[in-house]
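Given as C-alpha coordinates, the chain that follows is alone and in the form predicted on its own.
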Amino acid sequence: MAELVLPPKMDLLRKDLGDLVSHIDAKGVYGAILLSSRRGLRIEVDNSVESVIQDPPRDGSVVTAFDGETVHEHSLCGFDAVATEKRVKELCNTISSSKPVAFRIGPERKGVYATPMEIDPASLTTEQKLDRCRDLHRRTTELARDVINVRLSYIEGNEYSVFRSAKADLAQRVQRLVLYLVVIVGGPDGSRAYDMARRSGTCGWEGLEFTDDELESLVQSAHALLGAERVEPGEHTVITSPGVSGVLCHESFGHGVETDMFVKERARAARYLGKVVASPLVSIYDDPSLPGGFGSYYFDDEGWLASPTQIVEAGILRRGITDLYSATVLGLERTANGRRQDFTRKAYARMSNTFFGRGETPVSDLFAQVEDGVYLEKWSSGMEDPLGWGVQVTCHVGREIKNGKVTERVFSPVALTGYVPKVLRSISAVGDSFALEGGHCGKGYKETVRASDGGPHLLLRARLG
(Lines give C-alpha, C1' and ligand atoms only; values in the text may rest on other atoms or scores of the structure.)
Protein backbone atom coordinates (compact mmCIF):
# COMPACT_ATOMS: atom_id res chain seq x y z
CA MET A 1 0.00 0.00 0.00
CA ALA A 2 1.14 3.57 -0.72
CA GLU A 3 1.80 6.05 2.06
CA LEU A 4 -1.03 8.56 2.19
CA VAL A 5 -1.57 11.44 4.60
CA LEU A 6 -5.12 12.74 4.23
CA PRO A 7 -6.13 16.30 5.15
CA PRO A 8 -6.77 16.21 8.94
CA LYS A 9 -10.51 16.94 8.88
CA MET A 10 -11.08 14.41 6.08
CA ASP A 11 -9.10 11.79 7.98
CA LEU A 12 -11.07 12.42 11.17
CA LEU A 13 -14.45 12.09 9.43
CA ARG A 14 -13.31 8.97 7.59
CA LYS A 15 -13.36 7.04 10.89
CA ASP A 16 -17.14 7.63 11.22
CA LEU A 17 -18.17 6.71 7.69
CA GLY A 18 -18.79 3.00 8.33
CA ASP A 19 -21.43 3.74 10.99
CA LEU A 20 -23.03 6.48 8.85
CA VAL A 21 -23.31 4.21 5.81
CA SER A 22 -24.88 1.46 7.91
CA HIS A 23 -27.79 3.79 8.72
CA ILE A 24 -28.54 4.12 5.00
CA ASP A 25 -28.14 0.39 4.38
CA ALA A 26 -30.64 -0.26 7.17
CA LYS A 27 -33.31 1.30 4.95
CA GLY A 28 -32.84 -1.59 2.52
CA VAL A 29 -31.01 0.50 -0.08
CA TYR A 30 -27.41 0.90 -1.18
CA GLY A 31 -25.59 3.57 0.81
CA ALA A 32 -22.28 5.30 0.13
CA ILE A 33 -20.35 8.40 1.17
CA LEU A 34 -17.68 10.20 -0.86
CA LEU A 35 -15.29 12.73 0.67
CA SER A 36 -13.50 14.95 -1.83
CA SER A 37 -10.79 17.59 -1.36
CA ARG A 38 -9.31 19.45 -4.31
CA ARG A 39 -6.65 22.14 -4.58
CA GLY A 40 -5.38 23.87 -7.69
CA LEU A 41 -2.67 26.29 -8.74
CA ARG A 42 -2.05 28.07 -12.05
CA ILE A 43 1.11 29.97 -12.98
CA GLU A 44 1.26 32.07 -16.17
CA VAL A 45 4.48 33.54 -17.54
CA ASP A 46 5.06 35.45 -20.76
CA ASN A 47 7.29 38.32 -21.88
CA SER A 48 5.28 40.99 -20.07
CA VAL A 49 3.11 39.37 -17.40
CA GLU A 50 3.49 36.89 -14.57
CA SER A 51 0.53 35.65 -12.56
CA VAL A 52 -0.05 33.11 -9.82
CA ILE A 53 -3.64 32.03 -9.18
CA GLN A 54 -4.60 29.75 -6.32
CA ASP A 55 -7.90 27.98 -6.94
CA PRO A 56 -10.45 28.18 -4.10
CA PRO A 57 -10.48 24.96 -2.03
CA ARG A 58 -13.18 22.47 -3.03
CA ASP A 59 -13.83 20.36 0.06
CA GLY A 60 -17.05 18.47 0.52
CA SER A 61 -18.99 15.27 0.96
CA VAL A 62 -21.66 13.41 -1.01
CA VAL A 63 -24.11 11.11 0.77
CA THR A 64 -25.79 8.63 -1.62
CA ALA A 65 -28.67 6.18 -1.40
CA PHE A 66 -29.71 4.08 -4.41
CA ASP A 67 -32.71 1.78 -4.51
CA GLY A 68 -31.93 0.36 -7.96
CA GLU A 69 -34.21 2.84 -9.71
CA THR A 70 -33.55 6.28 -8.22
CA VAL A 71 -30.36 7.88 -6.91
CA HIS A 72 -30.96 10.05 -3.84
CA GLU A 73 -28.08 12.34 -2.89
CA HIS A 74 -27.18 15.16 -0.53
CA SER A 75 -23.94 17.11 -0.76
CA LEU A 76 -22.43 19.44 1.81
CA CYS A 77 -19.35 21.58 2.15
CA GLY A 78 -16.46 20.53 4.34
CA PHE A 79 -15.95 17.50 6.56
CA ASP A 80 -18.04 18.17 9.67
CA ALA A 81 -19.20 14.96 11.41
CA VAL A 82 -22.35 16.52 12.93
CA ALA A 83 -23.46 18.05 9.63
CA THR A 84 -22.77 14.82 7.76
CA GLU A 85 -24.78 12.77 10.25
CA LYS A 86 -27.65 15.26 9.87
CA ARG A 87 -27.56 14.85 6.09
CA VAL A 88 -27.60 11.07 6.44
CA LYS A 89 -30.69 11.24 8.66
CA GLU A 90 -32.43 13.66 6.30
CA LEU A 91 -31.69 11.37 3.37
CA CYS A 92 -32.98 8.30 5.22
CA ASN A 93 -36.21 10.14 6.06
CA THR A 94 -36.91 10.74 2.35
CA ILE A 95 -36.55 7.06 1.42
CA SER A 96 -39.27 4.49 1.88
CA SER A 97 -38.12 1.11 3.17
CA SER A 98 -37.82 -1.38 0.36
CA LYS A 99 -36.53 -4.80 -0.44
CA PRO A 100 -32.74 -5.18 -0.42
CA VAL A 101 -31.23 -3.90 -3.66
CA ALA A 102 -30.64 -6.63 -6.22
CA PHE A 103 -28.03 -4.94 -8.43
CA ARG A 104 -24.34 -5.77 -8.23
CA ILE A 105 -22.46 -3.49 -5.84
CA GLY A 106 -19.17 -5.30 -6.28
CA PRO A 107 -16.75 -7.35 -4.19
CA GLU A 108 -15.02 -6.29 -1.01
CA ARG A 109 -12.40 -3.67 -1.80
CA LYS A 110 -10.04 -1.83 0.51
CA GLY A 111 -6.97 0.21 -0.25
CA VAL A 112 -4.95 3.37 0.20
CA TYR A 113 -3.27 4.80 -2.88
CA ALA A 114 -1.13 7.77 -3.93
CA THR A 115 0.51 9.02 -7.13
CA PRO A 116 4.21 8.04 -7.13
CA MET A 117 6.45 11.10 -7.47
CA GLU A 118 10.14 11.94 -7.41
CA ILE A 119 9.51 15.67 -6.90
CA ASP A 120 6.22 16.22 -5.10
CA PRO A 121 4.86 19.70 -5.95
CA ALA A 122 3.83 19.96 -2.30
CA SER A 123 7.55 19.94 -1.41
CA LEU A 124 8.14 23.13 -3.45
CA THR A 125 7.11 26.64 -2.48
CA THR A 126 5.06 28.72 -4.90
CA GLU A 127 8.12 30.91 -5.45
CA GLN A 128 10.21 27.85 -6.39
CA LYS A 129 7.56 26.76 -8.90
CA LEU A 130 7.47 30.26 -10.37
CA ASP A 131 11.29 30.27 -10.64
CA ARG A 132 11.19 26.98 -12.56
CA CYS A 133 8.63 28.43 -14.96
CA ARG A 134 10.74 31.58 -15.40
CA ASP A 135 13.79 29.46 -16.22
CA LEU A 136 11.93 27.49 -18.91
CA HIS A 137 10.59 30.75 -20.34
CA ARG A 138 14.13 32.21 -20.47
CA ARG A 139 15.62 29.10 -22.10
CA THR A 140 12.99 29.16 -24.83
CA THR A 141 13.13 32.93 -25.45
CA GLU A 142 16.89 32.87 -25.98
CA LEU A 143 16.75 30.30 -28.79
CA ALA A 144 16.14 32.81 -31.60
CA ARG A 145 16.02 36.59 -32.13
CA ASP A 146 12.63 36.49 -33.80
CA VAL A 147 10.88 34.77 -30.91
CA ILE A 148 8.32 37.48 -30.19
CA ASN A 149 6.80 35.89 -27.13
CA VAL A 150 6.79 32.71 -25.11
CA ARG A 151 3.65 31.92 -23.14
CA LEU A 152 3.88 29.31 -20.43
CA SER A 153 1.05 27.87 -18.34
CA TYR A 154 1.63 25.57 -15.38
CA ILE A 155 -1.51 23.93 -13.96
CA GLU A 156 -1.48 21.86 -10.79
CA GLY A 157 -4.37 19.82 -9.44
CA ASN A 158 -4.13 17.89 -6.18
CA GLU A 159 -7.06 15.62 -5.33
CA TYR A 160 -7.79 13.59 -2.21
CA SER A 161 -10.82 11.34 -2.03
CA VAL A 162 -12.28 8.81 0.37
CA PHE A 163 -15.08 6.41 -0.52
CA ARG A 164 -17.03 4.23 1.89
CA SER A 165 -19.86 1.75 1.38
CA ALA A 166 -20.70 -1.64 2.87
CA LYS A 167 -18.24 -3.20 0.42
CA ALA A 168 -15.64 -0.47 -0.06
CA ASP A 169 -13.22 1.41 2.19
CA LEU A 170 -10.89 3.38 -0.09
CA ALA A 171 -8.67 6.46 -0.03
CA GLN A 172 -6.44 8.06 -2.66
CA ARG A 173 -4.34 11.06 -3.58
CA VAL A 174 -4.06 11.87 -7.28
CA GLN A 175 -1.58 14.57 -8.34
CA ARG A 176 -2.12 15.98 -11.84
CA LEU A 177 0.21 18.42 -13.58
CA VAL A 178 0.09 20.18 -16.95
CA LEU A 179 2.65 22.44 -18.61
CA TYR A 180 1.69 24.27 -21.83
CA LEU A 181 4.31 26.10 -23.84
CA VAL A 182 3.43 28.42 -26.76
CA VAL A 183 6.14 30.00 -28.92
CA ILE A 184 5.23 32.98 -31.14
CA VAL A 185 7.65 34.01 -33.90
CA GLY A 186 7.65 36.79 -36.48
CA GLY A 187 8.59 36.89 -40.15
CA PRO A 188 10.44 39.69 -42.00
CA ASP A 189 7.15 40.76 -43.58
CA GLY A 190 5.49 41.29 -40.21
CA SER A 191 3.66 37.96 -40.26
CA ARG A 192 3.16 35.95 -37.09
CA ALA A 193 2.97 32.22 -36.36
CA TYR A 194 2.98 30.04 -33.28
CA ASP A 195 3.43 26.45 -32.24
CA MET A 196 2.81 24.70 -28.95
CA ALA A 197 3.95 21.78 -26.83
CA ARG A 198 2.65 20.25 -23.64
CA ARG A 199 3.53 17.89 -20.84
CA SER A 200 0.89 16.33 -18.62
CA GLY A 201 0.27 13.38 -16.38
CA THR A 202 -0.33 12.06 -12.89
CA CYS A 203 3.22 12.69 -11.80
CA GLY A 204 5.63 14.89 -9.94
CA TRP A 205 7.51 17.86 -11.36
CA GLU A 206 9.97 15.49 -13.04
CA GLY A 207 7.31 14.69 -15.66
CA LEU A 208 7.31 18.27 -16.98
CA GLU A 209 10.91 18.64 -18.17
CA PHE A 210 11.77 19.84 -21.71
CA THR A 211 15.20 19.19 -23.21
CA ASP A 212 17.04 21.92 -25.15
CA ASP A 213 16.58 19.86 -28.34
CA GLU A 214 12.81 19.73 -27.79
CA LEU A 215 12.65 23.49 -27.30
CA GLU A 216 14.75 24.07 -30.42
CA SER A 217 12.44 21.82 -32.43
CA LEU A 218 9.40 23.75 -31.18
CA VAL A 219 10.88 27.08 -32.29
CA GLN A 220 11.78 25.65 -35.71
CA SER A 221 8.25 24.32 -36.12
CA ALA A 222 6.83 27.76 -35.34
CA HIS A 223 9.11 29.26 -38.01
CA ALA A 224 7.89 26.71 -40.55
CA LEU A 225 4.30 27.75 -39.88
CA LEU A 226 5.09 31.27 -41.13
CA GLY A 227 4.81 29.80 -44.63
CA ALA A 228 1.86 27.49 -43.96
CA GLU A 229 -0.65 26.86 -46.74
CA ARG A 230 -4.25 25.66 -46.76
CA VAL A 231 -4.66 22.02 -47.70
CA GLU A 232 -6.62 21.23 -50.86
CA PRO A 233 -10.11 20.15 -49.71
CA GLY A 234 -11.05 16.56 -50.46
CA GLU A 235 -10.20 12.94 -49.68
CA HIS A 236 -6.58 12.37 -48.67
CA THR A 237 -4.35 9.59 -47.48
CA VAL A 238 -3.54 10.58 -43.93
CA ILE A 239 -1.13 9.57 -41.19
CA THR A 240 -2.14 10.78 -37.74
CA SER A 241 0.29 11.37 -34.90
CA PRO A 242 -0.51 9.76 -31.53
CA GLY A 243 -2.02 13.04 -30.33
CA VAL A 244 -4.32 13.39 -33.34
CA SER A 245 -5.20 9.68 -33.15
CA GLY A 246 -6.20 10.28 -29.55
CA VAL A 247 -8.59 13.12 -30.35
CA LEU A 248 -10.18 10.97 -33.08
CA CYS A 249 -10.59 8.19 -30.52
CA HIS A 250 -11.94 10.54 -27.85
CA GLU A 251 -14.54 12.03 -30.17
CA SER A 252 -15.64 8.80 -31.88
CA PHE A 253 -15.79 5.98 -29.34
CA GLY A 254 -15.13 8.02 -26.23
CA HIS A 255 -18.07 10.36 -25.78
CA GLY A 256 -20.20 8.12 -27.98
CA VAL A 257 -19.97 5.19 -25.56
CA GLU A 258 -20.54 7.02 -22.28
CA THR A 259 -23.61 4.99 -21.44
CA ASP A 260 -25.60 7.66 -19.65
CA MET A 261 -26.09 8.78 -23.27
CA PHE A 262 -27.53 5.31 -24.00
CA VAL A 263 -30.12 5.84 -21.26
CA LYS A 264 -31.09 9.18 -22.82
CA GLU A 265 -31.13 7.62 -26.34
CA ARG A 266 -28.62 10.22 -27.52
CA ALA A 267 -25.89 7.85 -28.75
CA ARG A 268 -26.01 5.90 -31.99
CA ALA A 269 -23.40 3.50 -30.63
CA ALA A 270 -26.07 1.87 -28.45
CA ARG A 271 -27.50 0.24 -31.59
CA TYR A 272 -24.12 -1.10 -32.74
CA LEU A 273 -22.98 -3.21 -29.79
CA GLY A 274 -21.56 -6.44 -31.18
CA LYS A 275 -21.29 -4.99 -34.68
CA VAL A 276 -18.39 -3.96 -36.90
CA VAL A 277 -17.62 -0.24 -36.58
CA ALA A 278 -13.96 -0.09 -37.62
CA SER A 279 -11.14 -1.86 -39.42
CA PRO A 280 -10.17 -5.24 -37.91
CA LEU A 281 -6.84 -3.60 -37.04
CA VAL A 282 -8.57 -1.28 -34.59
CA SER A 283 -8.90 -1.77 -30.84
CA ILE A 284 -9.98 1.01 -28.48
CA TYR A 285 -9.58 1.09 -24.69
CA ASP A 286 -10.43 3.25 -21.72
CA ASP A 287 -8.07 2.65 -18.82
CA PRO A 288 -7.98 4.77 -15.64
CA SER A 289 -5.39 2.40 -14.14
CA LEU A 290 -2.71 3.35 -16.70
CA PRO A 291 0.37 4.56 -14.77
CA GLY A 292 1.07 8.24 -15.32
CA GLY A 293 -1.96 9.00 -17.50
CA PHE A 294 -3.46 12.44 -16.94
CA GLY A 295 -6.89 10.80 -16.67
CA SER A 296 -5.70 8.08 -14.28
CA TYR A 297 -7.02 7.36 -10.80
CA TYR A 298 -7.16 4.39 -8.43
CA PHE A 299 -10.93 4.32 -8.00
CA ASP A 300 -13.76 6.37 -9.44
CA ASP A 301 -16.11 8.67 -7.55
CA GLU A 302 -18.46 5.73 -6.96
CA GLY A 303 -15.81 3.52 -5.37
CA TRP A 304 -15.12 1.18 -8.30
CA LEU A 305 -11.47 0.14 -8.60
CA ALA A 306 -9.74 1.31 -11.77
CA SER A 307 -9.21 -1.28 -14.50
CA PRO A 308 -9.05 -1.28 -18.32
CA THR A 309 -12.15 -1.57 -20.51
CA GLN A 310 -11.87 -2.71 -24.11
CA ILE A 311 -14.48 -0.75 -26.04
CA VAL A 312 -13.64 -1.91 -29.58
CA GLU A 313 -12.01 -5.27 -30.25
CA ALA A 314 -10.69 -6.05 -33.74
CA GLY A 315 -13.14 -3.53 -35.21
CA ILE A 316 -16.19 -4.76 -33.25
CA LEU A 317 -17.90 -2.51 -30.70
CA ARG A 318 -17.98 -4.63 -27.54
CA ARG A 319 -19.16 -2.35 -24.73
CA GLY A 320 -19.49 1.16 -23.41
CA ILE A 321 -18.17 2.75 -20.23
CA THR A 322 -20.57 2.99 -17.31
CA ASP A 323 -21.40 4.60 -14.02
CA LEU A 324 -23.48 2.87 -11.34
CA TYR A 325 -26.83 4.19 -12.56
CA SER A 326 -26.42 3.51 -16.29
CA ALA A 327 -24.95 0.04 -15.65
CA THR A 328 -27.91 -0.85 -13.40
CA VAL A 329 -30.66 0.55 -15.63
CA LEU A 330 -29.23 -0.95 -18.83
CA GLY A 331 -28.02 -4.22 -17.30
CA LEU A 332 -24.44 -3.57 -18.44
CA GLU A 333 -21.09 -4.48 -16.96
CA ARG A 334 -19.86 -1.93 -14.45
CA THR A 335 -16.69 -0.04 -15.40
CA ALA A 336 -14.70 2.42 -13.30
CA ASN A 337 -16.01 5.53 -15.03
CA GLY A 338 -18.45 7.11 -12.57
CA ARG A 339 -16.93 10.58 -12.26
CA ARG A 340 -17.96 13.96 -10.84
CA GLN A 341 -16.67 17.41 -11.71
CA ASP A 342 -16.64 17.97 -7.95
CA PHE A 343 -18.71 17.14 -4.87
CA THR A 344 -21.49 19.54 -5.96
CA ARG A 345 -22.19 17.61 -9.20
CA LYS A 346 -23.74 14.24 -9.98
CA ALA A 347 -21.74 11.31 -11.30
CA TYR A 348 -21.82 10.51 -14.99
CA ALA A 349 -20.15 7.86 -17.14
CA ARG A 350 -16.99 9.70 -18.19
CA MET A 351 -13.79 8.86 -20.01
CA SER A 352 -10.43 8.55 -18.28
CA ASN A 353 -7.49 7.59 -20.57
CA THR A 354 -9.04 6.66 -23.93
CA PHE A 355 -6.82 5.38 -26.72
CA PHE A 356 -6.30 3.22 -29.78
CA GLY A 357 -4.37 0.05 -29.04
CA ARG A 358 -0.80 -0.19 -30.26
CA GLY A 359 -0.20 -1.98 -33.58
CA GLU A 360 2.76 -3.85 -35.06
CA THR A 361 3.79 -1.71 -38.04
CA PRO A 362 6.98 0.34 -37.60
CA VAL A 363 6.19 4.03 -38.05
CA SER A 364 8.73 4.34 -40.86
CA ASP A 365 6.84 1.62 -42.76
CA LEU A 366 3.60 3.60 -42.44
CA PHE A 367 5.18 6.60 -44.15
CA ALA A 368 6.80 4.37 -46.77
CA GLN A 369 3.32 3.29 -47.89
CA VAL A 370 2.25 6.85 -48.75
CA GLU A 371 3.06 8.32 -52.16
CA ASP A 372 0.97 11.45 -51.71
CA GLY A 373 -0.65 12.36 -48.40
CA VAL A 374 -0.73 14.50 -45.27
CA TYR A 375 0.81 13.92 -41.87
CA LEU A 376 -1.46 15.44 -39.21
CA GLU A 377 1.05 16.20 -36.49
CA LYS A 378 -0.65 18.40 -33.88
CA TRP A 379 -4.29 18.88 -32.98
CA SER A 380 -6.05 21.97 -31.63
CA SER A 381 -9.67 20.86 -31.04
CA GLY A 382 -12.26 18.16 -31.67
CA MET A 383 -16.03 17.79 -31.91
CA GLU A 384 -18.42 14.85 -32.17
CA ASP A 385 -22.09 14.11 -32.78
CA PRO A 386 -22.90 10.96 -30.75
CA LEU A 387 -26.29 10.60 -32.43
CA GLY A 388 -25.31 11.31 -36.03
CA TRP A 389 -21.78 9.89 -35.72
CA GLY A 390 -20.09 12.81 -37.38
CA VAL A 391 -16.61 13.73 -36.19
CA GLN A 392 -14.27 16.67 -36.71
CA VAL A 393 -10.66 17.00 -35.57
CA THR A 394 -9.01 20.37 -36.20
CA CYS A 395 -5.23 20.19 -36.48
CA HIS A 396 -2.76 23.02 -35.99
CA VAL A 397 -0.01 21.41 -38.06
CA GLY A 398 -0.18 19.20 -41.15
CA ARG A 399 2.81 18.26 -43.27
CA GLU A 400 2.96 17.02 -46.83
CA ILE A 401 4.07 13.42 -47.49
CA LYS A 402 5.63 12.65 -50.89
CA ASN A 403 7.02 9.26 -51.86
CA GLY A 404 7.15 8.11 -48.25
CA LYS A 405 8.91 11.21 -46.93
CA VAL A 406 7.70 14.26 -45.02
CA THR A 407 8.52 17.39 -47.04
CA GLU A 408 9.00 20.98 -45.87
CA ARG A 409 5.53 21.95 -47.10
CA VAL A 410 3.28 22.79 -44.13
CA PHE A 411 -0.50 23.20 -43.86
CA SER A 412 -2.39 25.05 -41.12
CA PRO A 413 -5.08 24.77 -39.96
CA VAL A 414 -6.36 21.42 -41.22
CA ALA A 415 -9.77 19.92 -40.36
CA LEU A 416 -10.38 16.16 -40.61
CA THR A 417 -14.08 15.37 -40.93
CA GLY A 418 -16.20 12.32 -41.67
CA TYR A 419 -18.66 9.67 -40.62
CA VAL A 420 -17.09 7.77 -37.72
CA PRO A 421 -17.41 4.17 -39.05
CA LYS A 422 -16.22 5.22 -42.52
CA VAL A 423 -13.12 6.91 -41.11
CA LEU A 424 -12.27 4.05 -38.75
CA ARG A 425 -12.93 1.35 -41.37
CA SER A 426 -10.43 3.09 -43.66
CA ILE A 427 -7.54 2.45 -41.25
CA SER A 428 -5.12 0.24 -43.15
CA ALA A 429 -2.13 0.20 -40.78
CA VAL A 430 -1.52 0.84 -37.07
CA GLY A 431 1.91 1.90 -35.86
CA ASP A 432 3.96 0.39 -33.04
CA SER A 433 4.32 3.79 -31.36
CA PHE A 434 2.25 4.99 -28.40
CA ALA A 435 1.73 8.26 -26.54
CA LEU A 436 -0.96 10.01 -24.49
CA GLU A 437 -1.83 13.70 -24.17
CA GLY A 438 -3.86 15.12 -21.30
CA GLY A 439 -6.39 17.89 -20.96
CA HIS A 440 -9.86 18.81 -19.74
CA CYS A 441 -13.00 17.19 -21.10
CA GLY A 442 -16.52 18.60 -20.85
CA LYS A 443 -19.83 16.79 -21.03
CA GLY A 444 -21.35 18.91 -23.74
CA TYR A 445 -20.59 22.40 -22.46
CA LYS A 446 -20.22 21.59 -18.76
CA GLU A 447 -19.21 18.88 -16.23
CA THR A 448 -15.47 19.14 -16.72
CA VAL A 449 -13.14 16.30 -15.74
CA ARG A 450 -9.46 15.56 -16.40
CA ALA A 451 -8.86 13.06 -19.17
CA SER A 452 -6.25 12.00 -21.68
CA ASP A 453 -6.27 10.29 -25.05
CA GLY A 454 -3.78 8.97 -27.54
CA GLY A 455 -2.53 5.84 -29.20
CA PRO A 456 -0.19 5.01 -32.08
CA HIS A 457 0.27 6.52 -35.53
CA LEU A 458 -2.59 5.53 -37.87
CA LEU A 459 -2.71 5.26 -41.67
CA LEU A 460 -6.18 6.03 -43.04
CA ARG A 461 -8.31 7.89 -45.60
CA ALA A 462 -10.32 10.94 -44.63
CA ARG A 463 -11.69 14.21 -45.90
CA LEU A 464 -9.50 17.23 -45.13
CA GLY A 465 -10.32 20.88 -45.49
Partner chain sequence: MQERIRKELDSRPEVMAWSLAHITSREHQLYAVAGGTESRRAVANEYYLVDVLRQVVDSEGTVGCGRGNSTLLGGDDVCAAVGEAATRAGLVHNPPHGLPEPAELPQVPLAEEGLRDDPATTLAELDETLRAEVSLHPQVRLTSAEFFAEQLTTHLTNSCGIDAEQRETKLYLEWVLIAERNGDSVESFVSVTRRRVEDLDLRTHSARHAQFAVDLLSAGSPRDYSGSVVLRGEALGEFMNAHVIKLLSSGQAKYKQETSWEIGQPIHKTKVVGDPLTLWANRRLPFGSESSCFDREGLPAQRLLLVRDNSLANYTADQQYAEYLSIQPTGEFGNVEVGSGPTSAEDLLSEPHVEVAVFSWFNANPLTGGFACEIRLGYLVDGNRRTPFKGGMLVGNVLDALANVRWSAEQGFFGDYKGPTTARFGELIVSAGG
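Predicted model only: the values in this text are computed from it and were never measured. What we label the rigid core is the largest C-alpha set whose atoms superpose within 1.5 Å from one form to the other. Residue numbers count along the first chain shown, from 1.
Not on display, but discussed next: the form predicted in complex with the partner chain.
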property	result
Exercise: residue 392 in contact with the partner chain in the predicted complex, heavy atom 4.5 Å	yes
Residue 315: touches the partner chain in the predicted complex, heavy atom cutoff 4.5 angstroms	no
Interface membership of residue 70, the partner chain in the predicted complex, 4.5 Å heavy atom rule	yes
Contact of residue 377 with the partner chain in the predicted complex (heavy atom, 4.5 Å)	no
Contact assignment for the partner chain in the predicted complex, among 116, 106, 78, 111, heavy atom within 4.5 Å	78
The unique member of 130, 363, 170, 224 whose heavy atoms fall within 4.5 Å of the partner chain in the predicted complex	130
Interface segment, criterion being heavy atoms within 4.5 Å of the partner chain in the predicted complex, picked from 275-283, 237-245, 291-299, 344-352	344-352
Members of 18-44 lying within 4.5 angstroms of the partner chain, judged by heavy atom, in the predicted complex	39, 41
Core-superposed comparison between this form and the one not shown, residue 291 Cα displacement 2 Å or beyond	no
Shift of residue 280 between this form and the one not shown at or above 2 Å (CA, core fit)	no
CA of residue 228, rigid core aligned, shift of 2 Å or more between this form and the one not shown	yes
